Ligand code: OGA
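Form predicted on its own, single chain, as C-alpha cells, below.
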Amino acid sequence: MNQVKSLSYKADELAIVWEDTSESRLQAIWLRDHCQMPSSRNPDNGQRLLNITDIPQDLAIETVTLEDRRLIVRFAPDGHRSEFDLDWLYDNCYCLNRQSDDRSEVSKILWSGTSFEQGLPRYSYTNFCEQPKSRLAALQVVSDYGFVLLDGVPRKPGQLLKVIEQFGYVRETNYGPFFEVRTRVDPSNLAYTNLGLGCHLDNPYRDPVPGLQLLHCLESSTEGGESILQDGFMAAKILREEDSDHFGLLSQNWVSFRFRDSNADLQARGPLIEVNDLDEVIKLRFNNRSIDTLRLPPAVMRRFYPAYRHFAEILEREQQQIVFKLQPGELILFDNTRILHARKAYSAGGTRHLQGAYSDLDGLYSSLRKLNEGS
C-alpha cells in the first residue's frame, strides 16, 4: 500500500511523488479516459461507456484533492469528476509499469530435458474436474511450463471434450470436434501412420492457429511410439543467444504454410518465430511437413536457409527434449504455440489409438484468472 508523498498539477498533467520516491506524471487525457466512475465505465464488466471523441479537445485538470486513499480530479470545461483509488493508480501508472503480456516468454518458466527429473507435472482427472484448486494448479502449470498430464481419464471416445469443458471451448476443425490418431491405409496425414514424426507444432496453415492441443491415449500395446516434447520458447532463446541475426531472420520474415486433401485446402502465413512489440517471443510456427513453397527476396533467401537449419538443429538436440510414453487413460494438454511435439516410430503389431482435439488459449487464460479470483 503506497502513500502519496506530494502531488502537484497543471492543466494537462498530474504529478505524484510516492512514498517510495517513485514518480508518476499522468496526462489529463489519460486520467479522463481511464475514469473509473459508473458514468464512464460499466460497473459490471469495466467496459468504457464513452468514446475518445466524447472527451473535450480542450480538456484540462481543474482541481485535484486527496480524500483518504482516493484521488479526486475535476476536469474543465465540462466539470466531470473522477475518483481514483491510490493503489489502482500506482499499479496502472504507465510511468512505473511496463506493458505486460501473459503469453510471452518473459512470463513463462523455460525448460530443457533435465528440468523434470522429479517427474512430469501431472494431476488426477477426477480432481481436475471436481476440485477448483486442482484445476487452477493444473492450468497454471500449462501457463508456466506449456503442458500438463492428466491421469485416470476414462477411456471413452470423445472423453477429451469433457476436459475442454472445464476451462474453455472446443476448436472444431475440418477433422471434426476431435480426431483419431492411429494407423490408417492411405492416410491423408503422416500422423496416421506408424512413422516417426519430427518436432512440430500443429496447424500452422490455420489463422489463427489453435492455441491448445489435447491427446488422449485409449490404447497402446505397440513397441515404440514414445512422445517427445520440446520447449519452443527455450529453443528460440538459444537461437537468439547463438546467433541474433538468425533469430531476426526467422522473426522478421513471413513464410507460407499449406495443408490440402480431398476435403480441405488450408493456407496461412506467418513468421517461424513471432515476437511482440517488446521483442519478446509469443508464438512459434514450425512444421516442416506443412511449410509451403518459400518465396522470399533473393538476398533474404540466401540468408534464410542457414537460419532455418540452425533453428531446426536446435530442435533436434536431445538435451532439449523430454521423452515419455503416453499410457492408456493418460491425457496431455499443451500449448500449441509454444510446445513442439514429436513421436518415435512404432511397430506395426499391437494397437495404438489416441484421440486429439483443439481448443484456444483465450479460454484457458480466462478460466485461470477467474479461478485465481476465487482462490
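This structure is a prediction, so every number in the text was calculated from the model and none was measured. One-based numbering along the sequence shown.
Same protein, other form: the form predicted together with this ligand, not shown, and the subject of what follows.
Student: Within 4.5 Å of this ligand in the model of the complex, heavy atoms considered, which of I164, L89, V181, V73?
Tutor: Selected residue: V181.
Student: Within 4.5 Å of this ligand in the model of the complex: all of D202, L215 and R352, by heavy atom?
Tutor: Yes: each residue has a heavy atom within 4.5 Å of the partner.
Student: Select, from the options 43 to 51, 306 to 314, 335 to 343, 27 to 35, the stretch whose residues sit within 4.5 angstroms of this ligand in the model of the complex by heavy atom distance.
Tutor: So the stretch in question is 335 to 343.
Student: Might L266 be said to contact this ligand in the model of the complex, defining contact as any heavy atom within 4.5 Å?
Tutor: It does not: once this ligand is placed as it appears in the model of the complex, L266 has no heavy atom within 4.5 Å of it.
Student: Is it the case that M301, even though its partner is missing from this view, gets within 4.5 Å of this ligand in the model of the complex, heavy atoms only?
Tutor: The answer is no: M301 has no heavy atom within 4.5 Å of this ligand.
Student: Report whether the minimum heavy atom distance between L197 and this ligand in the model of the complex is within 4.5 Å.
Tutor: Yes, contact at 4.5 Å.
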